[in-house]
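The chain below stands alone, shown as C-alpha cells; this is the form predicted on its own.
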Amino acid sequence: MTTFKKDIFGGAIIAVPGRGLKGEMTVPGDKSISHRAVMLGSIASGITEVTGFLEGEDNLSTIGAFRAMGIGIDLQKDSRRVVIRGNGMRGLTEPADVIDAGNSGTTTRLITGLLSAQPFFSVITGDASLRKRPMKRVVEPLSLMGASISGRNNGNNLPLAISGRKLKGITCKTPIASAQLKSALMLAGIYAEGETVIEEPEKSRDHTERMLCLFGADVRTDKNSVSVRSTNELIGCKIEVPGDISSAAFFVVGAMISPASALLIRGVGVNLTRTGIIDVLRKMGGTVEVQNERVASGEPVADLLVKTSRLKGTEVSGAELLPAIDEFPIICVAAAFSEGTTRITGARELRVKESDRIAAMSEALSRVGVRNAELPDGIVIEGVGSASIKGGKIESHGDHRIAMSLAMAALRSDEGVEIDGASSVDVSFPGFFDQLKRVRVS
C-alpha cells in the first residue's frame, strides 16, 4: 500500500506501512495552552492576541463557551491566530442557553471553576463521552469554597448547573495530581476572598500558573504546591503558543520505530511538566535531540531531532508516567516495537478519559498480534523487537490519541491498519494524516 484510504461514510482510514519518517515539520499549537489563552484573555481587560492557536474541536468548544458569555473572539481560520476582546474579570454575561463543551474535559472542568464565582446561572453539558466522565473531583473542592453546583449522579456527571456565589479561599490537598483540578481551583481562587492553596502529591503540568503570571495575577509556587490570591484585574497580552508535545510524540515514536528515519520537529513546547515522554523514550533507548532551546510567552520551546532507534522494554511507573500521561497510547506503541517486556503502571485515571485508554490499547495491540495483559492501573506489553505486526482493522473508540497511535503502529505493519473512528484526530491534530503522508517514506 502506498496511500491513505478514507471511508467517507464511516470515518475509517487505512494507515499504511512506511520505510521511515524524514524531513522537517511542525505540529499544531499546544491544546492545553490554547484553552487557557482563550479563558484568561476573556476575563482580562483589553486585547489578547494569540498566535499558534490550535484550531481543534476541543479548543473551538472553549471559544464557543466564551462567545456565549458575551466575549468577542475573532478566529482567523488557517492562520492559527485569535484575537480576544476581554471584558475584564467581571465582564462575563449569563449565557442564554446551555454551554456545550463537546468532548472537552478541559473546557468543562476549568470553566466550572470560573463560573462558580460569576454572578449568574449557567449550565454545562457535552457529548455522550464527556457526560460519562467524572466531575466530582472538581465539584467537591469548589463546593468547599462556597460554590453551588448540582448535576447528574450527585454532581459527578454532566450536565452541571452552576449558580455563581461569592467564594472563599481554601487549602486543598488533592488526592491525585491533576492539572484540570488544580486549574479549576485556581480560576475560582482569583475571585475568592483570601488565599487559595492547592497541594498535589506530585507536580502536574503548570501552564495555568505560568499564564496567570503573564496576565498579572498573584501566583506563588513551592514544589508541588501553588497558591493564588484574590485578583482585581488581569491585563490582556500577546501569547505565542508552542507546538504541542503531545502531538509531536506520535511522530517522535513513529520515527523511532520505522527504519531510516531522520525527522526534525520545529517549535515544540518542552515545559518540564510535559516532557516525560522524552524521558521515557530515552530510557527505552530512543534517540531524540533537543535543539535551539528558547522561551516564548513564559513557556520553554525547542526543536526535536529524532532518528530510528533500537528500543528496549522497561518499567514505567506513576511518578514517571505523570508528565507523560496523555502519551500513554503512543508509549504502548513504542513498547510494542521494543525488545523485551514493558510494564506500565500508575495510569488508573486513563480508565475514564475519552475512552478507557488502557482497555482500548490492550484490545488494539491484541488485534494486530502484540501480546499484552491489562492491569488495573496499566498494561504489560511483550515487544516484537525488529519484527513487524500483521495489521488489520482496529476500533479507536472515537479517541483521537488512540487513532493517531495506531496510525504510527501501521508504519511497521505487513498490511496496514484500518482505523475505525479516525476522524476523531481533529479534536487535537487537524491535518494529522496529511502531515504523516508528507513525511512518510513509502
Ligand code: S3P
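Since the model is a prediction, treat every value here as computed from it, not as a measurement. The numbering used is simple: start at 1 and walk along the sequence shown.
Beyond what is shown, the protein has a form predicted together with shikimate-3-phosphate (S3P); the following relates to that form.
Figure note: of the listed segments 325-333, 247-255, 95-103, 234-242, the one touching shikimate-3-phosphate (S3P) in the predicted bound form, with heavy atoms no more than 4.5 Å away, is 325-333.
Contact with shikimate-3-phosphate (S3P) in the predicted bound form, defined as a heavy atom within 4.5 Å, holds for exactly one of 125, 271, 309, 180, namely 180. Taking a 4.5 Å heavy atom cutoff to shikimate-3-phosphate (S3P) in the predicted bound form, the contact residue among 218, 193, 279, 349 is 349. Although the partner is absent here, residue 353 lies within 4.5 Å of shikimate-3-phosphate (S3P) in the predicted bound form, judged by heavy atoms. In the predicted bound form, residue 32 approaches shikimate-3-phosphate (S3P) with a heavy atom inside 4.5 Å.
shikimate-3-phosphate (S3P) is not drawn, but in the predicted bound form it has no heavy atom within 4.5 Å of residue 367.
Residue 168 falls outside the set of residues with a heavy atom inside 4.5 Å of shikimate-3-phosphate (S3P) in the predicted bound form. Annotation for 199-217: the only interface residue with shikimate-3-phosphate (S3P) in the predicted bound form is 205 [heavy atom within 4.5 Å].
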